[in-house]
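Encoded as structure tokens, the following chain is the form predicted alone, with no partner shown.
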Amino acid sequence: MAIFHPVAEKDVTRAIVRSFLRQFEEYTESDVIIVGGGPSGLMAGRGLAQQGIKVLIVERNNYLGGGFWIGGYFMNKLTIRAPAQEVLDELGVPHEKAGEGLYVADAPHACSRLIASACDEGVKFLSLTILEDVILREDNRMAGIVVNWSPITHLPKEIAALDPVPLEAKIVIDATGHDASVVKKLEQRGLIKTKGEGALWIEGSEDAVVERTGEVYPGLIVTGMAVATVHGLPRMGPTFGAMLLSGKRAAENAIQIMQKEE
């Protein structure tokens, strides 16, 4: 006796293609595009989507979370400094006190809850998608990004001559971590200058990254470790509180910018 309803193989393929293409067409224009699906990008997307803002996260890998799910040295544990443990409480992630003002949690659990929460709020994703360029208007304001499939970077140049496609947005958030990939596209054109990331200093880095999160170019906000690369701040290692709070601040900044422009 059959358990599942009978479905033809072609119908499975059609369902995937139709659903993907419908969403892809809808999100050729978003309120906010976030480049990078790590913890700061996910937090920013979650915060924006909670306010009914149309958000697309573009991720170059075939998974979300960046280093958040790995933790420190592939030990699948991550640390959070107070008061960022409040975000874990919001997400329903179990954690334990590891010292005064220091908390530890299972990285896969924290990462999966954050991804699920972003999805629940309505954030959409393009995975295996790389940033090729940015869209600039007459006033040089950021107006979107240009993307392509990530796998073409592993093909011979003769085969990988595949034209990218543009995606428009009111605001772009660079959540690409240490690479600061969106900002670097502007730097190549002499429109901005990055200072480069400094050596590791956890206390100094976490406070500074959150404080300096914000708009660095018209229409472009930096969050997470991209902030350190732009402003020459120390790196922070396997503690993630600043990533979460920086993403939250990036969402707040984006909302403020869009409200001013209405």
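All residue numbers are counted from 1 along the displayed sequence. Only a predicted model underlies this, so the values are computations on that prediction, with no experimental measurement involved.
The form predicted together with a small molecule exists for this protein as well; it is not shown, and the discussion that follows is about that form.
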The small molecule in the predicted complex: contacted by all of Pro39, Glu59 and Met243, heavy atom 4.5 Å: yes
When the small molecule is placed as it is in the predicted complex, which of 89-97, 103-111, 170-178, 188-196 ends up with heavy atoms within 4.5 Å of it? 170-178
Wondering, does Gly224 line up within 4.5 Å of the small molecule in the predicted complex on heavy atoms? yes
With the cut-off set at 4.5 Å between non-hydrogen atoms, does Asn253 touch the small molecule in the predicted complex? no
Closest heavy atom of Gly67 to the small molecule in the predicted complex, within 4.5 Å or not? yes
Does at least one non-hydrogen atom of Ile130 fall within 4.5 angstroms of the small molecule in the predicted complex? yes
In the predicted complex, which of the listed residues (Met236, Leu220, Val32, Ala49) lies with a heavy atom within 4.5 Å of the small molecule? Met236
